[in-house]
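Here's a solo chain for you in structure tokens, the form predicted alone.
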Amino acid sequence: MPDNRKALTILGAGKLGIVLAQLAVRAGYVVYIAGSAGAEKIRLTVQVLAPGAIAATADDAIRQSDIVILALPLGKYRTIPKELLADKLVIDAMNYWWEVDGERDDLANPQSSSSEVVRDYLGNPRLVKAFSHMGYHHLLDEAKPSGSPGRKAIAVAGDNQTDNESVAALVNDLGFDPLLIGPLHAGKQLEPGHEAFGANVDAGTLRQYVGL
């Protein structure tokens, strides 16, 4: 019998990638996860921490899915196999941490968001910013069914309304109220140093944080 569940790929097998995999498996997605160490080296970690997810190489994982979440250190964005992402909906969940990524003028440009830098490198106009402002521990603890009292919100920023709505649907599936905040450049409001970064709040409060 064919598996008609939606397929989702996560690039990055760190804390954020594992939590997103847990939430997506719980929501009924077929989840592929790839890390820089290779499929075999992360297989046991994935089996223990995100049971039901499938460890794979980045190339194999991307080919299996229409939606790809980037959850690796931002400083490694140039290692992403961009030729495989040309027709994919890509979700940027990365942030610039100079302690991890080093001093990077390209990632600290006050005139653009880091997501715009990644989009330009990938050459993919379908890139959407989401899942980046809430800590991974809150993502895991706060996920709730739609309509639950006190449900927390995840901001979504992108240039294509159809893709934004697709990402909003995923946000809802994973347990959060989506808040569309505007074009990709608006994602700068979600970066470290801004009020919305680290926000574990409902949609009304998050709306205030981003100035809507």
Partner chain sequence: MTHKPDESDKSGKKPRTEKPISFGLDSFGDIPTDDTGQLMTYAGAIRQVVKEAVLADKLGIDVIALGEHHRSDFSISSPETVLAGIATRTKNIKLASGVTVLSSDDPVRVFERFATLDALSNGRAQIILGRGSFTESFPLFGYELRDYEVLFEEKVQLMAEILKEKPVTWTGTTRAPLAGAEIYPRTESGRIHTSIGVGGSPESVIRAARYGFPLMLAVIGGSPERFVPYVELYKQAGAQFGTPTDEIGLHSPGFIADTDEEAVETAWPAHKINFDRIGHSRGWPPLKREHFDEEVAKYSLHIGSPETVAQKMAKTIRTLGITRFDLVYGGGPMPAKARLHMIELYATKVIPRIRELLAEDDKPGKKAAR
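Keep in mind the model is a prediction, meaning the values are calculated, not measured. Positions refer to the first chain, counted from 1.
Keep in mind the form predicted together with its partner chain is missing from the figure; the text below concerns it.
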Only one of 61-69, 47-55, 154-162, 174-182 gets a heavy atom within 4.5 Å of its partner chain in the predicted bound form; which is it?
47-55
Considering its partner chain in the predicted bound form, which of Val117, Leu84, Leu140, Ile80 comes within 4.5 Å of it through any heavy atom?
Leu140
Gln22, Asn200 and Tyr209 each touching its partner chain in the predicted bound form (heavy atom, 4.5 Å):
yes
Report yes if any heavy atom of Leu11 sits within 4.5 Å of a heavy atom of its partner chain in the predicted bound form; otherwise report no.
no
Answer yes if any heavy atom of Pro192 is within 4.5 Å of a heavy atom of its partner chain in the predicted bound form; otherwise answer no.
yes
Residues of 25-44 having any heavy atom within 4.5 Å of its partner chain in the predicted bound form, listed in sequence order:
Arg26, Lys41, Leu44
